Ligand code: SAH
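Here's a solo chain for you in structure tokens, the form predicted alone.
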Amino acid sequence: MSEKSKIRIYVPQNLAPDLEIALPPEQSHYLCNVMRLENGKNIRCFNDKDGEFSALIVGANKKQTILRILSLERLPQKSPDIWLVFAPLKKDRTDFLIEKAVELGVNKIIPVFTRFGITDKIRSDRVKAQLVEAVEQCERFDVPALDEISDLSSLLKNWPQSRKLFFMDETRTGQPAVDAFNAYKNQPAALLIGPEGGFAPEEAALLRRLPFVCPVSLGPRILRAETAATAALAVWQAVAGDWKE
């Protein structure tokens, strides 16, 4: 491929040179109708098992496009072991949060219902499609896992206690984020972001009693939930993630 294609799609099937792969209707529609690609055009395809390959369109059809896999371009890379737990927000803000979580390397997303949360439902099919799209855009290989939504008490009851849970504490009684993340930087971690109305007093009290939970402060200003998630993830990546590499 003489020039690196800007079009990059996630293909969960096994990838290897000379294989021919049929794409599902959604991807075929995107390539042929949205991007208007024809036979003979190059794209990139990837997954987290085999890596990223150049590929040639050999059968352009809006219902089923055929790719011929060419050469391996990049070996797969794993994202850091960081989870994001969040209370779903209004639609556009949840969309923003999901996109930025993917770009910032989260490898599992866990929606949680809290007392002041605005919904106890999330459209898993829609979020999964957003995850794939964000992965394609940001050049990572792995699609984050998505858990079903659960209430906060159930989540904490079943939490793997070897994984440190940092909750963003807007009362500013927690450790500064840099200090907290640095203290546990060699340990599996997760970040907990509350709803727009914050955690209820009994929820915050429960969190502070648990030995695997660490309250964290993100500074003197009150942040929107999606801002808090983005800021916390950026600090964690800088201190304990793969931004150091």
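Residue positions are given as counts along the sequence shown, with the first one as 1. These figures come from a predicted structure and were not determined experimentally.
Keep in mind that the form predicted together with the named molecule is not shown, yet the notes after this line are about it.
Colleague: Heavy atom within 4.5 Å of the named molecule in the predicted bound form: which of 43, 32, 207, 216 fits that? Just give me the one.
Modeller: Only one option qualifies, and that one is 216.
Colleague: Even though the named molecule is not shown here, does residue 16 get within 4.5 Å of it in the predicted bound form, heavy atoms only?
Modeller: Result no; residue 16 lies far from the named molecule in the predicted bound form.
Colleague: Does at least one non-hydrogen atom of residue 136 fall within 4.5 angstroms of the named molecule in the predicted bound form?
Modeller: So residue 136 does not count as contacting the named molecule.
Colleague: Would you check, heavy atoms only and a 4.5 Å threshold, whether residue 231 touches the named molecule in the predicted bound form?
Modeller: Output for residue 231 is no: heavy atoms all beyond 4.5 Å of the named molecule.
Colleague: Would residue 168 show up as a contact with the named molecule in the predicted bound form if we use heavy atoms at 4.5 Å?
Modeller: Heavy-atom contact with the named molecule at 4.5 Å: present for residue 168.
Colleague: Of these, 186-194, 23-31, 45-53, 66-74, which stretch puts a heavy atom within 4.5 angstroms of the named molecule in the predicted bound form?
Modeller: Only one stretch passes the 4.5 Å heavy-atom test: 186-194.
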